[in-house]
Structure formats: structure tokens, C-alpha cells
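A single chain, nothing else alongside it, follows as C-alpha cells in the form predicted alone.
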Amino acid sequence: MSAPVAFSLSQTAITCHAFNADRSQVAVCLNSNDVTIFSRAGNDWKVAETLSEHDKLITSIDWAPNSNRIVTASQDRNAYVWQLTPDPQTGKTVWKPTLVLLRINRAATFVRWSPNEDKFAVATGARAIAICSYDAENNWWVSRHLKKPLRSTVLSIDWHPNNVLLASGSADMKARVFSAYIKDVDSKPAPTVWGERLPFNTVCGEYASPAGGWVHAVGFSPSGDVLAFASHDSSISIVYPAGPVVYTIKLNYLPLVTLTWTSEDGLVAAGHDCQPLVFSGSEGGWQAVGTLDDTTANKGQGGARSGFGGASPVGKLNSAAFHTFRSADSRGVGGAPGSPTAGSGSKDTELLTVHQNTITSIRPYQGHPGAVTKVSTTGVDGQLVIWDVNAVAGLTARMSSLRT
């Protein structure tokens, strides 16, 4: 079992991230309207490209491993597909954007390529999900909308392995499974536990948040037969539609906002509590088994653990006073006279976890669907961290019992 490896990519928040196929590059949004592509350089990451086309904050990025295309979604109500193309003037290979006709009047909030990479889904604040496919005749990407019965902003989506079904989580406190079947793109899907006849916009399942919280994250298991979703009521639910059985784990932690499956009987989720939690189970029941962040381990300066690529030094400014000021600026932790942390020094502004603020995104890093061995996380603290999913530490006594 290896310790997590942390890289400080930025002093600003990282909104989202996505790796290329061989993990030699990572595309991130540094809380701006640009995509920054970092390339691996030994034990560090260096800026290689900056993709600038959006007018407002980029909310989501996905990088197709086989076609090597990047899709981005933004609050400017647009999505772009980026592809490496030779520049006719210089001859160099550059990232060329292609606009997607989303036809929405609110922000695009989340985007994911389908498993076959022949279409992608864009979640929006317009109470709709845009299913986008390529129109070769007109050389652009067109969209069809999943609308009913969505009642509010869609916050997350995930594709079923069959390339047709799509899970969504939204601010109307529901997780749903839709059919995103497009006749000219998809072959007829085989029957699944979610249904047999799957015309476009068929609702194959609808599940409410246990205590009425926004559904921040959804994810299909590697087989596609199980659905997990995390809600703002500090719960995570696992759905077996064949039963139907829904297992809900109520947490005494802050809410989870992102999740990923590591195997058919295990997943990792993270969020406002700044650490990845591990859940395991089967159709007989589910439970929280631990955390990937051992808060009892020795930490180096800036919150990084053993391994390379720790927090970036700040040279002569690396003093207690500057550390307090930087914490107040980036994490809202004050040290001014009269504040709760006044006079307490820089130690009180440092968390025991590797991430020093909310984890915004978690993605598979190593392995294959059903046998993921490492995951990556990024957060508001500007860090990228690689975790070994087998290095599970025990949880504190703050966990509540499993509820069904």
C-alpha cells in the first residue's frame, strides 16, 4: 500500500480535471474560463497548453481516451469539442475548438463522453440534458434534449456501459436513469435490469434523496446493474433496480459531491470533508469501510504526505505571518485580532487531511473498469492527489449505522 502523492498545481481552486489516456497530461480548470493542460515532467507537472474560448467559468471537462478529444462545458451556456489539428499557417499541431449547438438558456454544469465516444451528454441549468452527436454533413455537433420530468438544475451525469442509458442527479432532489438512445448513432441495446424498450427520453428509474438534498453525484457500477448517488443531506445511496432495493448510508460527515466506482462491490466518494471515503457492499447490504486519507500519518509542509510533488514552496515569504495571510485568502481562515484563530499561529489553519479544502472532482487514475487500483482527486486547495484505493485507513466514530 502506497501513500498518497500530492501535487500543488495552483494557488487557486481547481474546478474539475480529466486525464488523457496514458496519464501523461491532465486538463484542469483553475476556477476560470480557460482550460490549462499540464504535462508530466519527471516528478512534477508543467503547463503545456492553455485552451481559451469560453467567456465564463468552465464547469466540467472530459477527455476521451481513444479519440483524444476534449469536451468542455461552461457557465456561458456553451460546450466545445477540442481536437488536435495541424495549423495550416505554422504546420504545428494545435487544439482546435468546435462549437456545440446546445440550444440552452442557462449554464452548462457537467459533461461526459459516452463509452463509445460517438456522443456526449451535457447537464444544464435549463432543466434539461443535451445529448450531443456529430453531424458529418454540416460538420458540427447537434443536440437533442432530455427534459421530462426534470424540475431543476442537473448537477451530475454518468453513462451506462451500454452507451444508451444515462444517470442524472439534480437540484430537484432526484436521481434518475434515462434512455439517451439516438437511432442514427446507436445500435439497438440489449435488455438490461433497467428495461428492454428504450426510446429516447424513457425514464427507467427515479429515486429521491433520503432527506431532500440536492443530488450532487451519480455513478453506474462497472456492470451498469447498480446505481450510486450522493446527496447534500450527507448521505450516499446504492440502488439495485432488479429488487428493487435501495441502501442508504447516513454520514456524520459533511456532504459528498463526487464519486467513482472502483469495482462492482466498491466505490470512493469525496466532498466537503476533504477526504475520500471508501464504501463497500453487495445486494445484501452496504457500509462505509474507511478513508484513503490516514489523518494519523506524518505530513510534510503544506499538507502533503510522503511522495514527490508536494506543495510548492514560497521562498522567503514562507513565514507564519504569510502562511496565515494565504490561508485567509484561499480558505477563508482568518487570523486577525479578535478572530477565533488570532494568535494561534499557522498550525491552526492547517487541516489533518491531505486536501486542505473541498474535493471537487474524483476520477479513476489507474486500472480498468471493475478493477481500479488508483484514483485522482482535485480540490479547492489547488492540489492534485493520487490515491491507492487499497490503502484504506479506519474511520473515526463519527459514522452512523447503515439504513435501508
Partner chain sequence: MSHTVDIPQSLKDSLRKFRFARRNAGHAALVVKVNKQKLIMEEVEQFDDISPEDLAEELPENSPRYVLLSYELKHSDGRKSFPLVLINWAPTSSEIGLLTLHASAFLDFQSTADVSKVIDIRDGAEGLTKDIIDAKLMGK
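Worth saying up front: this structure is predicted, and the values here are computed from it rather than measured. Positions refer to the first chain, counted from 1.
Another form, the form predicted in complex with the partner chain, is not on view; read the next lines as being about it.
The partner chain contact in the predicted bound form: S143, any heavy atom under 4.5 Å: Yes, contact at 4.5 Å.
N138: touches the partner chain in the predicted bound form, heavy atom cutoff 4.5 angstroms: Residue-level check for N138: yes, a contact with the partner chain.
In the predicted bound form, K148 touching the partner chain (heavy atom, 4.5 Å): Result no; K148 lies far from the partner chain in the predicted bound form.
R103 within 4.5 Å of the partner chain in the predicted bound form, heavy atoms: Within the cut-off, so yes.
Among 232-240, 152-160, 263-271, 95-103, the region lying within 4.5 Å of the partner chain in the predicted bound form by heavy atom distance: Among the candidates, contact is made by 95-103.
Residues of stretch 166-205 in contact with the partner chain in the predicted bound form (4.5 Å, non-hydrogen atom): Going through 166-205 in order - heavy atoms within 4.5 Å of the partner chain in the predicted bound form - there is one hit, K183.
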